[in-house]
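Just one chain follows, in the form predicted on its own, and it is written as structure tokens.
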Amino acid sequence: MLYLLVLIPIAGALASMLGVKPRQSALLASLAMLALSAFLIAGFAAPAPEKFRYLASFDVVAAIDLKMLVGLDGLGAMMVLLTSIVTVCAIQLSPQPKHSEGAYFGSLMLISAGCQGAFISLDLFFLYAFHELALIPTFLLIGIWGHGDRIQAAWKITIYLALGSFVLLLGLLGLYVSLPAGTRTFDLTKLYALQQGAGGALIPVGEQGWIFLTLLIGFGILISLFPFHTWAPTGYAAAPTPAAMLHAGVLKKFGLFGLLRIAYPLLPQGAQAYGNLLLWLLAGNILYVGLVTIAQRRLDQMLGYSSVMHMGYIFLGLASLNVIGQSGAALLLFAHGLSVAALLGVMGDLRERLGTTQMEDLGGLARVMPNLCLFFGLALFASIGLPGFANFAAEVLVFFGAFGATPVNVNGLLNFSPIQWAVIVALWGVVISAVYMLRAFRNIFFGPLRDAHRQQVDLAPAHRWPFALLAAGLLVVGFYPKALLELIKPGVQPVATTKVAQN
């Protein structure tokens, strides 16, 4: 069944490219993918002794143990569901392209297929290859159907992400060749078993540091880790709305997923060695990029920088090296994916109808677009971590997990550990995000309504249900986060288990 998660969007892409009602074909394929994702997650309701379910494989190059191996644990299942939800909403909210409709919707479905393939792959090679598959249509969508200086944005995102992919490939190859003789494999299930048998030191301790650093830089560029972040705001501002939703909401999460899936479980000593470096970098994401976000006056640029800023919270959860913090980081992957997709969806609707994202040119739109105002408000409140939304539950876990990663010194602030100081910086980030988000809400939807916008109409019913679906996901998980936390706990368990074994 897992192969269908890749084959269904590919079929939708082919139908769209062949001109078989492109939008309808893409939407039908995405709805089928969503139904299959829900069915697969329902299978996790019954406990099972094995970590991965729905395992299937076929050999590609038997001599080096290269095979198309797929399987799902709770973490992968959550990401599969996120991909399906955002894909459905992105297709439904997509404006009509001015030309080449089939190629446009086909490219969107190929991004979704690449994401699904990466999240279900349990082979290092195919996990990497599916991500590269998703990047190619992303570049095309920005360069051909983008906005503003789309050519420059397409080249910038291509150069940055190509560099990140190259560094990541070097890290994966380094991990493979550093495995002891006779144990070299791309199979993650075998690597986990070998790691457990080796007491957390399958790869020699002396080699874990440089491999982890290489993976951190490679994945970090793909995630927009400071200071490799400038491609993201430019790319999202120029990208077509559904492409921005899919990349910011799903594809960018691949790097964080890869760190949870590969780097932290297999290179625990390397993760500890470079823990303080990561704290400095994530502080740059939260504090520096947060202040840059406040300075933005265009909604698309502001949302792009905001997305970069919030990656810092997820890195903070990863740096905690415990179940609480990393469960919060994993939950924030889902929460941020839904909230940023909703925010970008609203931005795209405003850009298509009003022709501008300059906040000083807007105002008073709540009078003529009350439903759009409502959905923007819900996504905004989720993004700044208001209680009742999934982002709040995730960030609370991140903060408690990170602050409790080292014993609390009661003798004063000066005796706090580096990660505890990082938590304090992150808490100021919450204030910063509230400032720029609430200011944008006020400037766009409240105040005097411009005469040029008085004839605007509210969201059409066909565009309301995608926003409602995203908001419902944020609220359901916000009020009952245990539903996902129980699902993803086994996916972060190897990291914590390894660290406990070392200590």
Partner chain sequence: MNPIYLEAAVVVLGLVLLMAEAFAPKVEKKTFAWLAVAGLLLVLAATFFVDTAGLGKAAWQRFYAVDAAAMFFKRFALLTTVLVLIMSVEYVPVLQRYISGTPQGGGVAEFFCLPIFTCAGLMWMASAIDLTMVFVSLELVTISFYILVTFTRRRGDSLEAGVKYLILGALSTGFLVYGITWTYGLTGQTALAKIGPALAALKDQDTAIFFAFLLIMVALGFKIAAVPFQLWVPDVYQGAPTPITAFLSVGSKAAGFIVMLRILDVFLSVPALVGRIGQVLVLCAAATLIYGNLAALPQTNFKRLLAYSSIAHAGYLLITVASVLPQAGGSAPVLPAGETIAFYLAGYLLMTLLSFTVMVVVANYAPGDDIAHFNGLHQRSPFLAAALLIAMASLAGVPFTVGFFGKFYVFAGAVAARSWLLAAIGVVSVGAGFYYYFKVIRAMYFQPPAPGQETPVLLAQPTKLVIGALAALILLLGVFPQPALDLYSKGGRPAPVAQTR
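Numbering follows the first chain given and starts at 1. Please read these numbers as outputs of a predicted model, since none were measured by experiment.
Omitted from view is the form predicted together with the partner chain, to which the following refers.
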Under a 4.5 angstroms heavy atom criterion, identify the one residue in V88, L299, L135, L333 near the partner chain in the model of the complex. L135
In the model of the complex, which of the listed residues (V431, A193, I424, I159) lies with a heavy atom within 4.5 Å of the partner chain? I159
Applying a 4.5 Å heavy atom distance criterion, does R184 contact the partner chain in the model of the complex? yes
Examine F166 and determine whether its closest non-hydrogen atom to the partner chain in the model of the complex is within 4.5 angstroms. yes
Is there a non-hydrogen atom of D361 within 4.5 angstroms of a non-hydrogen atom of the partner chain in the model of the complex? no
S100 near the partner chain in the model of the complex, any heavy atom under 4.5 Å? yes
Contact segment among 252-260, 306-314, 238-246, 122-130, judged by heavy atoms lying within 4.5 Å of the partner chain in the model of the complex: 122-130
